[in-house]
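Here's a solo chain for you in structure tokens, the form predicted alone.
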């Protein structure tokens, strides 16, 4: 296992980049702690796979360093980094049996036969392949082949890290849930450093202890799922995390008041006078529907998603969403909303700012 540090790391696919716009990865300084379970989350094209391939050694960064336990491995080949990587689409040896596929990484390292058999059996049990061990991989489904890839990535106990690049893309929804649960159990049992790349926030938030959220080649926040939801550091985090995402409104802020259109909205602290592109954000969970409340709105529709309902409304022509918990009535004459002032974030040029007299919020 290893602590993985990225120091001043950036990457461009252009031989002579002329500016930040030419970089697929903007400058990153980040540490993945030894034994942590991380998700690398973001929309397609944000740089997740490029970053994973730099960590694994499949690609060399344009600048900066990759360190494993403080040792510079930027120029070290993949084999020297002692990592396992599971790719988006299954990579298996069709002419081998499931048992031979799972055993392959251990046999390559000359491990003892008894140890190999025990590890193969343990991993097959965890991935639900016990009754397939004697079958050739060629005749298996895509689900089963990806389970072989996952198992082969996890069969070694001595790896510095296991990297997963969208490993459940070809897996059916029910099996995805089961495999995520099994990966969490494996992490608790063996304590490998795991980095799991995905564009699916549900996968990220249910797998990881900490999530690294990327946007346009930049790491915009590292935190627990709770931190990303409660205190998004960037408007993209507010928008991307949550269903529906955070309500964001262009505003002017002066002290403890925000002006949104013709409405004055109280804040819970003094933010001073702000310049630049100023926005306030609030999660739909902290918007309350009522009659004759603070902010008049026009209700447009109600979406029942089972556990709660999402009310779509318009605030002076701006889209607004409110979440109404199961069992709570939506007033028939609701014509306004109230924001929980303690849950409003203030953002300047997309980044969250702290109130006066406080550190980063």
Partner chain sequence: MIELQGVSKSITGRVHMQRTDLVLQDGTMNVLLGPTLAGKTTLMRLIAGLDVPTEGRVIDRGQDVTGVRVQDRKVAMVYQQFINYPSMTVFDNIASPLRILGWDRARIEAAVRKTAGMLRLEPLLDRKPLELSGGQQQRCALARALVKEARIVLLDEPLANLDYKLREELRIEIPRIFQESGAIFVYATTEPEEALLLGGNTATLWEGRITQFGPAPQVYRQPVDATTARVYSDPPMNFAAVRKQGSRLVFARGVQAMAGETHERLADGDYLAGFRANHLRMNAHSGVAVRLDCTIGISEITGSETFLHLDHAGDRWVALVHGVHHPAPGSAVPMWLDPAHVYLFEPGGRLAAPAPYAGMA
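None of these values were measured; they are calculated from a predicted model. Positions refer to the first chain, counted from 1.
If you look for the form predicted together with the partner chain, you will not find it shown, but the lines that follow are about it.
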| query | finding |
| --- | --- |
| Stretch in contact, per heavy atom within 4.5 angstroms of the partner chain in the predicted complex, of 256 to 264, 121 to 129, 272 to 280, 237 to 245 | 237 to 245 |
| In the predicted complex, the residue from 181, 288, 252, 74 that sits within 4.5 Å of the partner chain by heavy atoms | 181 |
| Among the candidates 331, 70, 317, 306, the residue which, in the predicted complex, approaches the partner chain to within 4.5 Å (heavy atoms) | 306 |
| 4.5 Å heavy atom contact, residue 201 and the partner chain in the predicted complex | yes |
| Any non-hydrogen atom of residue 113 within 4.5 angstroms of the partner chain in the predicted complex | no |
| Contact of residue 177 with the partner chain in the predicted complex (heavy atom, 4.5 Å) | yes |
| In the predicted complex, residue 326 touching the partner chain (heavy atom, 4.5 Å) | yes |
| Sequence-ordered residues of 44 to 63 touching the partner chain in the predicted complex, heavy atom within 4.5 Å | 44 |
